[in-house]
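We begin with a single chain expressed as structure tokens, specifically the form predicted on its own.
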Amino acid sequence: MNLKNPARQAPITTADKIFETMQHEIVEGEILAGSKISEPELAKKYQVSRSTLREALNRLEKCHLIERKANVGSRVVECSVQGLLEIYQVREALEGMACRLAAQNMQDDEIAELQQVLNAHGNDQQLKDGIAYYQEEGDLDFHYRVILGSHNEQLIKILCGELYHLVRMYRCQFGMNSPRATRAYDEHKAIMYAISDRDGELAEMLMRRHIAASRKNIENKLEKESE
């Protein structure tokens, strides 16, 4: 059976909608990393009450996109080399495990859908030109699909819920526009073939190598920007 993401629910309340809007804007860099959160300005921008806004901010804090400090207030998290190293170490271990489980547990129709996702990615002109490998979030994200394919609810909650958008923030702002774009796509295809062959050991190794290479790419970018 297809295991849905238990951490993802359709927005119902106004706070849900503000949370999703701000989440997207932070991840994509429209709200700058490290910028101070002004509740009056944001309440005015989104035309909501301060209590509704605070509910959305509480949820953003829980998914590690904003942080609150005593006597300082709330800020969007900053993308740092140390933060990158820590979160990618977690990714390498847990997504490697998810990939191994996906090779065991994904149904044939799930693998076919994963192939369709990669085919759609391959048709993107920026990827063909080797400029960028941009993936929409959720079901159009290769990594998200593989994690769901693990059919392990605890892994899904951590990687597609708690950490997903913080990881995506690093990927969107530093990893997707890259000379590594074509290579990253080829690595995705190799992982997909290993999953299709039900070779969990190979799938895990390829995913771990892929994430390690992505980490190094982003680390180099962050270090150059700090010079």
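Numbering starts at 1 and runs along the sequence shown. Here, rigid core means the biggest group of C-alpha atoms that superpose within 1.5 Å across both forms. Please read these numbers as outputs of a predicted model, since none were measured by experiment.
FYI, the form predicted together with the DNA isn't displayed, but the following is about it.
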Tell me which stretch of 31-39, 166-174, 198-206, 184-192 has a heavy atom within 4.5 angstroms of the DNA in the model of the complex. 31-39
Residue (of Ala120, Val81, Ala93, Val72) lying close to the DNA in the model of the complex, criterion heavy atoms within 4.5 Å: Val72
The DNA contact at Val48 in the model of the complex, heavy atom, 4.5 Å: yes
Looking in the model of the complex, any heavy atom of Lys62 within 4.5 Å of the DNA? no
Given that the DNA is not shown alongside this chain, does Arg68 nevertheless sit within 4.5 Å of it in the model of the complex, heavy atom to heavy atom? yes
Interface membership of Ala15, the DNA in the model of the complex, 4.5 Å heavy atom rule: yes
After fitting the core, Ile211 CA displacement of 2 Å or more between the shown form and the other one: no
Per-residue C-alpha change between the shown form and the other one, Val72, threshold 2 Å, rigid core fit: yes
Taking the rigid core as the reference frame, tell me whether Glu61 has a CA displacement of 2 angstroms or more between the shown form and the other one. yes
